[in-house]
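In the form predicted alone, a lone chain appears below as structure tokens.
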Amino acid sequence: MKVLMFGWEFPPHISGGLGTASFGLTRGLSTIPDLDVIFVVPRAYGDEDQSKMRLIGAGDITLDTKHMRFSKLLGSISYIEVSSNLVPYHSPEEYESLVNKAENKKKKLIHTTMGGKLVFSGGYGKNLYEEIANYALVAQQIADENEHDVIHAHDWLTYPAGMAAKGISGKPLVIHVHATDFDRSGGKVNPGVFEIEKKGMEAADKVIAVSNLTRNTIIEKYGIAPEKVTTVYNAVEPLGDQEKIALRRGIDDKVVTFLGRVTLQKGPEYFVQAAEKVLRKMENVRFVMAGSGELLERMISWAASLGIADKFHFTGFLKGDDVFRMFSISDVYVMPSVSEPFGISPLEAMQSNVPTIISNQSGVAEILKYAIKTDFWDVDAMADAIYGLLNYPSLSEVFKKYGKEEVDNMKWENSAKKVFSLYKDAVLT
């Protein structure tokens, strides 16, 4: 079986969990005999690991058409210009200047020269929606030129490409919902994003949700038939040689870490509140907020106003080995997400022998037994859990030992088998 897969990012060029999950799944699928994956991204850099699949950059494809009508690709989906920087899971605050200009309500023409190539930034800048449209255009040609049995599109940015590919080849479409705009926005849904998500789900032959939490959202908020939506949980990549990337802690204080985008969805304000409560009871502890996002400056100011800035550290965005270097000096990891479709970072923390606290409002809470769970808003319970793990070594050791064992059994190969089963059902239907 040949799979034509569309993603928006691929390691090492990632901005969050989407690229990590995409890589993990393709690696898992590579263990299935006679299954080949062609993975398409807007921009390929040349340093990606292609040992498990073939990678195509849309910007490297030479187009043979002079003009292509965007409206033919995506039906009635609106074309929207955005003048702010975006990543797949951003909140409304980061849609700073959403403009639906009158001229964009008309048919959108994409102009290329004979034998020309479209330019993709590979990022989430102000031309994001134009790049989504162009990506869908190139997807048609890729689908026409590459043999495949099924199409797999990751998250809303690639749904138009998946639909365009299906329109050309007629092959079944599987879309993978890693998050919805209800998660990103806290309920203040962006109508343009919602429209793309809904049309992608409706056009798909199968829909994969990363948790039952997400599955319920797809069914209830988007009106998708329950029998069409299947939950396939994410997993985690096996750790390499951790001794090579471990850091030596330069302080005696304990370290409590938040690692993720500093956005409404991730609940960073609850982490700050819990930190302030813990610091009332003990002094030998530092709190680290590792990540970037639209709430970062607000969190820095808030920590200062609470008088805990000397115990709070902000690292900026971390990826790759830097994530595990951070975990190597952490005593507790906290993910206080308001709405988390899944959440791979707790798995990475537990894999690194770090006791973990997660919110009940996360998909990963459905499958983890050896993580402490609190409601995101219950900062008293969160602070108590942090204090307990820092001050009772036997409690911490239980969560370290059994948490690592639990996560080590969560393999991408198992997730891939479930996805492969959906592929076969889609092909045979």
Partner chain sequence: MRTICLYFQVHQPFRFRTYRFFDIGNDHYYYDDYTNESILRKVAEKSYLPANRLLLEMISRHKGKFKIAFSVSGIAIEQFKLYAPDVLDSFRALAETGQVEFLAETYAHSLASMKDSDEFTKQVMDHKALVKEHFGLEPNVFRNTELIYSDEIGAAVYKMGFRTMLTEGAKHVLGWKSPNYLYCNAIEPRLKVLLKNFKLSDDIAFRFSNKSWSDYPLTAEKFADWLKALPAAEETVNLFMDYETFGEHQWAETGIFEFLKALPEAVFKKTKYTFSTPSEVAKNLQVVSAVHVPNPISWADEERDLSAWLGNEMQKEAFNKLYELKDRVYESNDRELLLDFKYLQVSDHFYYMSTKFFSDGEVHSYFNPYSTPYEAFINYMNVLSDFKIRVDAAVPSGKDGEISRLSKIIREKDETIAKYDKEIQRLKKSASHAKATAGRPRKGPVKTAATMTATAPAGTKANTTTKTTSRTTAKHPAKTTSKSSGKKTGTGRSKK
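Keep in mind that this is a model prediction, so the values were computed, not measured. Positions refer to the first chain, counted from 1.
Keep in mind that the form predicted together with its partner chain is not shown, yet the notes after this line are about it.
For the candidate set 371, 364, 29, 41, a heavy atom within 4.5 Å of its partner chain in the predicted bound form is found for exactly one residue, namely 371. At the 4.5 Å threshold, heavy atoms of residue 384 reach its partner chain in the predicted bound form. Of the heavy atoms in residue 35, none are within 4.5 Å of its partner chain in the predicted bound form. Put simply, residue 399 is close to its partner chain in the predicted bound form: some heavy atom of it is within 4.5 Å.
Residue contact with its partner chain in the predicted bound form: residue 278 places a heavy atom within 4.5 Å of it. Note on the interface: of 157-165, 213-221, 270-278, 304-312, the segment with non-hydrogen atoms within 4.5 angstroms of its partner chain in the predicted bound form is 270-278. Every residue of the trio 388, 392 and 395 has some heavy atom no more than 4.5 Å from its partner chain in the predicted bound form.
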